[in-house]
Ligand code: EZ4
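This document starts with one chain, in the form predicted alone, laid out as structure tokens.
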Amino acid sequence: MKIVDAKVIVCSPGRNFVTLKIVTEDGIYGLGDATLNGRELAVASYLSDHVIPLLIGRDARRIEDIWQYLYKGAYWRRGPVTMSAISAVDTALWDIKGKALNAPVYQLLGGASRDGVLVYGHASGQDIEEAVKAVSDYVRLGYKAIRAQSGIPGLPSTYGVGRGKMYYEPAEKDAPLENVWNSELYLNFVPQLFERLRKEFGPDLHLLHDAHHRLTPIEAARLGKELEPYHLFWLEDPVPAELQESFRLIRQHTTTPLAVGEVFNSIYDCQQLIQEQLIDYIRTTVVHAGGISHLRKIAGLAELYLVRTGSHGATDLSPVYMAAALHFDLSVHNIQEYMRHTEETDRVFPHAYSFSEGMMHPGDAPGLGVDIEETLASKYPYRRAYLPINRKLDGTMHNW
């Protein structure tokens, strides 16, 4: 099963996606998502100019060997561009292997370890009342786990409060949007949101919240402690995680479960967090952390320390990613972020996965069970876009 061709497809059906298509001599092709929000063309170039020439003539069945070849052979290891490119190759090769064996990818990963994958949606509002309404809408749709975000009084915009329902795309065309931030206003407000949500929906609904890397360790410790009465499923990304040991301070002050990792590229970014049990959920993704092969290694390490997975799954990743994530998810015990794509995106990427009563299943089509309509994709050309930046009230740059 030699690889005879590969190409990168960049399209923008509502937002930008980078897709790798690998073709074998047998006529079987596989897809991998290589999208890096706000830096899409960097990964596209890395694939086209550096990786694809190395793939031609290689045996598509040798997934682990090709992974190591691309990782160790480049010398300059890791980083979001390199790892997103490797992820796309790895995912496409799993897709090919599944199709060649006429089996869904999850069957190649040991089979289903459960009947479906618990997923959580995103509910938000400009204020508490709108957020309560949004959570209620998700409950009616059957969701059993919901991330809740709300506008903060005194701030003109707040992370997680999107322009549309069911999906959220923060990237802006041409130039980054500048948000304004104040940690004190945020810390004083968030416990009020979850006090109201628990009164409204009771103790059984899983509630999650994302601080989006904006707090210091002691601020995060305070927030976690004040949220303890409301029994969150997790508090996500409380601090920038470059300093892994900062989570030790948070851990000393709160029992609120902690989740982190959507910006991580490899097992080394989360090794200390997992081995010292400083987090409860690791959120690395198929796209940005080395593909299905590497994510399995992260999950294996995490399992030893009773850390579960809860992969990132926002709409800045395509249905190719969601399909791959769900195959991985079904083989382990975890939760999965799920934001619905636009109708345009779903038409470009027809897929076999489905949602029902708060759970998802990747389907039983051979491989990943997702495709790309190339003719339709060509009607949605790339449009440069940037994620927002964040400044404090005095103009100081802050973490977005």
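Quantities reported herein were computed from a predicted structural model and do not represent experimental measurements. Note that residue numbering follows the sequence shown and begins at 1.
Just so you know, the form predicted in complex with this ligand exists too; it's not on screen, but the next bit is about it.
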Using a 4.5 Å heavy atom cut-off, which of 88-96, 75-83, 312-320, 299-307 contacts this ligand in the model of the complex?
312-320
Do all of His122, Glu236 and Arg283 end up near this ligand in the model of the complex, with near meaning a heavy atom within 4.5 Å?
yes
Out of Glu226, Asp269, Glu219, Asp210, which one falls within 4.5 Å of this ligand in the model of the complex, going by heavy atoms?
Asp210
In the model of the complex, which of the listed residues (Val23, Leu387, Ile9, Leu376) lies with a heavy atom within 4.5 Å of this ligand?
Leu387
Within a 4.5 Å heavy atom cut-off, is Tyr159 in contact with this ligand in the model of the complex?
yes
Wondering, does Asn37 line up within 4.5 Å of this ligand in the model of the complex on heavy atoms?
yes
Heavy atom contacts to this ligand in the model of the complex at 4.5 Å, residues of 136-156 in sequence order
Arg147
